[in-house]
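Encoded as structure tokens, the following chain is the form predicted on its own, with no partner shown.
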């Protein structure tokens, strides 16, 4: 079963699916769906259309340089079937998938880290501006700023008379 890549969005096209366009110079373009074909006919650049893999790679959204992609390369040399080699290959594929998924997660976290700091700063700023919605108006003052009322310890003559 031969799987080919869409010329526009780089997704895989399975047999019996998609559209094939042959230009006058015998160049073949394969498209996975009509959306890609229409964008190609409108002469749009895949690197400028946000939903394509070319855009994501050009703008640092996806990992492009990684050793795990070496294993996906197409090899045209036929290999003689060997059960042990096939078994080892299947084990290696599972390990490579785990490694790739962990590296993709690290890449995403690294890419989103600066944005988290911006969001935190904007939230702190919003809280500072609208603090009156959170706290009561009288509770702004700190303990050191609160006014202290001095009570005199001297008893007046009137108070003494009243006590008796």
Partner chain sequence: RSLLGDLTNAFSGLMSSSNGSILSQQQQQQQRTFIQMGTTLKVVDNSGGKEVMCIQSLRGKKGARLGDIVIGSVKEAAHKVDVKKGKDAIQKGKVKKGNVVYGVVVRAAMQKGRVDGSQVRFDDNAIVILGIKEKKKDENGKEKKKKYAGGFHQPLGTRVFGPVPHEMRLKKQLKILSLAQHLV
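Positions refer to the first chain, counted from 1. Owing to the predicted nature of the structure, the values given are computational and were not obtained by experimental measurement.
Not pictured, yet referred to below: the form predicted together with the partner chain.
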Three-residue site 15, 24 and 38 fully in contact with the partner chain in the model of the complex at 4.5 Å by heavy atom = yes
Does residue 133 make contact with the partner chain in the model of the complex, using a 4.5 Å heavy atom cut-off?
-> no
Using 4.5 Å between non-hydrogen atoms, is residue 28 touching the partner chain in the model of the complex?
-> yes
Hey, in the model of the complex, does residue 42 get a heavy atom within 4.5 angstroms of the partner chain?
-> yes
Looking at the partner-bound form in the model of the complex, is residue 20 within 4.5 Å of the partner chain by any heavy atom?
-> yes
Sort through 98 to 106, 30 to 38, 47 to 55, 113 to 121 and report the only stretch with a non-hydrogen atom within 4.5 Å of the partner chain in the model of the complex.
-> 30 to 38
Any residue of 81 to 101 that, in the model of the complex, places a heavy atom within 4.5 Å of the partner chain = none
